[in-house]
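Just the one chain here, the form predicted alone, laid out as structure tokens.
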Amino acid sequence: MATNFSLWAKTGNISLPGTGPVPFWGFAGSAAGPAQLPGPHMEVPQNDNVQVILTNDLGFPVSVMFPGQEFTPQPARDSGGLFVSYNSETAPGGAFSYNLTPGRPGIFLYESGTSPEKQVQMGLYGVMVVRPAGFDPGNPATWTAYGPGTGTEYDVEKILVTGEIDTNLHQELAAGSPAAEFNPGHFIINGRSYPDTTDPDSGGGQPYGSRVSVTSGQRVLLRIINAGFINHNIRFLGITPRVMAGDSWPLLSAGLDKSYEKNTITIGSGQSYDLLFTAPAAGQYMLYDRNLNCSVNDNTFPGGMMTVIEVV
């Protein structure tokens, strides 16, 4: 089998509470589509041959890295032999094809490998979901994050991508100015800050909603991955999920159960966790960053990295 994806690196504007449009760089899923934050989700079967074609509509080189994959990057160097990129670059107006074969299921970032201290912060990142063998999106009986025997069967799956935005830095980089000190004032889940995080997928500015809507009794898989530069302490009020995997390594396998319950998860930059819980009685349950300076919009509380788990 083979799965093909096409990405376009573009400029865009993101809407954040309490501020005007903020420029960003992001990936689009079509030539005519807008840049989005995070980029389009890629879903691929385990051990499939994956080709990702990147077209660069930005005015400077861009590349794509696939952390956690069995993928050998080809570093780019300038005419003097100095390292300039983690991977083969796509020149402005050009296209480049990347090929990989994901060998294990899980949730992984893809992100720019060129000037990542700028380009990842500006929004050039997304998520690749690798499905285990036997997974059938049309058959709920096969819905599991890591395959049989891993305890990761679920009824509802939700992906939450965390990050930060420094609006001043975005303005400066978009204008071609040198990068300034990193001082984020907005903290996002799927490209949204509270209260926009509670809007449905069709609202809130970016295409992936952050509200978790489930029915009491359903088995819920939350897949949280940190695309930002700083660590976050994700806290659940009224729900204590079970940690089933860290960095896409399942904690229950071969009869050995190392999973554990925790209502505050510290997720480092680039890390991911798979969390499971059974939806409790009907009501609204908050999920937020316990670092309360990240639960603000430009120092105004409430805001930032906060959303709702709505149980009906």
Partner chain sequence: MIRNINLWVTDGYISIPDGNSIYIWGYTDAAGKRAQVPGPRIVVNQGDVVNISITNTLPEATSVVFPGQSGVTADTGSGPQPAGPKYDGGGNLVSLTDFADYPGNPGGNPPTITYTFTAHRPGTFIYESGTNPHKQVQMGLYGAIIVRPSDYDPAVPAKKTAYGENTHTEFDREYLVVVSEIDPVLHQAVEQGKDYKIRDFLPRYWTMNGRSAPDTMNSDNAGYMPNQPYGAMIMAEPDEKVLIRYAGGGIENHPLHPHGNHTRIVALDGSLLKNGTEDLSYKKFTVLVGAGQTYDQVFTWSGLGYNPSNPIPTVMPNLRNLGVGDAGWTMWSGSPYLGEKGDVPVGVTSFNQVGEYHFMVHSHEEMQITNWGEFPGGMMTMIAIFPTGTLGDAGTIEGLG
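Positions refer to the first chain, counted from 1. Predicted, not measured: the structure shown is a model, and the values here were computed from it.
What comes next is about the form predicted together with the partner chain, which does not appear here.
- Of the candidate stretches 138-146, 93-101, 235-243, 124-132, only 235-243 has residues whose heavy atoms lie within 4.5 Å of the partner chain in the predicted bound form.
- Using a 4.5 angstroms threshold between heavy atoms, Q271 stays clear of the partner chain in the predicted bound form.
- Among heavy atoms of G106, none comes within 4.5 Å of the partner chain in the predicted bound form.
- L256 belongs to the set of residues with a heavy atom inside 4.5 Å of the partner chain in the predicted bound form.
- Interface residue remark: T264 is counted as part of the site for the partner chain in the predicted bound form, having a heavy atom within 4.5 Å.
- Using a 4.5 Å cut-off to the partner chain in the predicted bound form, not one of I14, W25 and D196 places a heavy atom inside that distance.
- If you take 272-296 and check each residue for a heavy atom within 4.5 Å of the partner chain in the predicted bound form, you get Q284, M286, Y288, R290, N291, L292, N293, V296, in sequence order.
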